[in-house]
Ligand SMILES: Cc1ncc(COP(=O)(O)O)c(C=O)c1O
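Only one chain is given next, in structure tokens, and it is the form predicted alone.
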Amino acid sequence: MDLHVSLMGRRDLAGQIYQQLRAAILDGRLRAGEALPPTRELARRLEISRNTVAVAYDRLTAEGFLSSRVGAGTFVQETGPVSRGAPAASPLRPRGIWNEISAWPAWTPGVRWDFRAGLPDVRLFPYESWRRIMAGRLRASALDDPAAAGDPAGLPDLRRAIARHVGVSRSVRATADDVVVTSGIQQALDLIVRVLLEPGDVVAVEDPGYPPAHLLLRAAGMRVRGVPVDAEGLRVDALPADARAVYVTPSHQFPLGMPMSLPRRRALLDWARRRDVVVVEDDYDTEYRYGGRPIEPLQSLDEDGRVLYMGTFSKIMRPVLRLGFLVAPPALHRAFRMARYVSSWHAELPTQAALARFIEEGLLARHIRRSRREYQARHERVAELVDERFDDLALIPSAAGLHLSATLPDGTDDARLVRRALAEGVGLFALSEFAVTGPVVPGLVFGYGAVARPEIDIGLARLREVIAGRDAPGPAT
């Protein structure tokens, strides 16, 4: 270990070395069993006499902090549990908004049947293929060249692969130059805010809608306005006149699940054109569509270049793979590259290179086809059980994604139901969690991405007992 010791002036040098090494041992920076540099080597680095270092070492040894073994060296002794933190007292205070924001979703331990929305089944992922590609990319000498990281928009190979993928699978109009690689949807939205919006601007969002997006917008100083949705999606007639941007999930409304109808899509684009508003399209999981005609993205209908299209690979691959993308028109290319540069420069290069190869080899498309069949079976089973066995739940029709939603009678405390379900090992979201500014609609959101088919029946049986208010049976074995 490269040990850091700093000396001030020329007085009591041995004492300074002693104090710094003692502090490093007590707060855990130097751990039991770690070797210290030989006295000769540390003296050479500090440009002092060897005897000065030896005095400090001898004092620490006498106090039990170090031990020496002839021919082996000097080692740190066990001193018991330690902790080290920043100074407790500080005049610094966060902006007020950070006292109002908490992480969503909250961590929920003890989940046996995980029906939380937005989680894919990592057991379906082709790990062997990914490991092979990732290992090859880590060995690729080209990634060691600093020039390979030169474009904040991402590796050219990955941008080309993404443009081809979304062009074929979603009818998105894009070239590699239009694509910016991001660390997921959240960073894509953050870049849009940085490039196009000012603090105090009004951003219209679906109500109910996606909490992390609302949190990000509020933290950036935007004024968030909830807009109701109906069976056709976002109600264009309810959009605020002073909105500068609209954030929507038109292909699979989150969390209700319906797609935005074609007339409503055209109405939204016409409204945005007349009022010079940017439309942010979050297409987060429509690779998983189980019926009906393909949904045309807003981006492919847009003739004015005002739709910014966002996607993610976390929902179709693994949540820990924080890679997404943003598709923007040429007028914004430079601005988005610079915004990406000043925020975090670029995403991890080996992972970018591996994902490009994963797409080009056809492995992503194959994974989507295989997992789609499995998710469709789960989708159908959840819909069947909710419809047949939960009298108080009214299922909202949906033919895509990794979750289904159902409403409860007015006045139902869905949050309380969710807390009771969690106590019985069933994790899911209350529909009221997604309300923005409008009236709360009680209900439950059933994610099926992380629940294996045999477990769906057991978990929903447990949930039915919770809703019925009866004592739940013992845990399944």
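From a predicted model like this one, the values you see are computed outputs, not experimental measurements. Quick note: we count residues from 1 along the sequence shown, nothing fancier.
Although not depicted, the form predicted in complex with the named molecule is the subject of the following passage.
Participant: So the named molecule isn't shown here. In the predicted complex, which residue out of R225, R137, R322, R235 has a non-hydrogen atom within 4.5 Å of it?
Facilitator: Looking at the other structure, the residue within range turns out to be R322.
Participant: Between V180, I185, A161, V203, only one gets a heavy atom within 4.5 angstroms of the named molecule in the predicted complex; which residue is that?
Facilitator: Partner contact (heavy atom, 4.5 Å) among the options: I185.
Participant: Going by heavy atoms within 4.5 Å, which of 301-309, 388-396, 172-180, 281-289 lines up against the named molecule in the predicted complex?
Facilitator: Result of the contact check: 281-289.
Participant: In the predicted complex, does T249 come within 4.5 Å of the named molecule, counting heavy atoms only?
Facilitator: Yes, T249 lies within 4.5 Å of the named molecule in the predicted complex.
Participant: Under a 4.5 Å heavy atom criterion, is P297 part of the interface with the named molecule in the predicted complex?
Facilitator: Taking the distances in the predicted complex, the answer for P297 is no, it never comes within 4.5 Å of the named molecule.
Participant: Even though the partner isn't displayed, in the predicted complex is G118 close enough to the named molecule, meaning a heavy atom within 4.5 Å?
Facilitator: Result yes; G118 sits at the interface with the named molecule in the predicted complex.
Participant: For Y210, is any heavy atom within 4.5 Å of the named molecule in the predicted complex, or not?
Facilitator: Heavy-atom contact with the named molecule at 4.5 Å: present for Y210.
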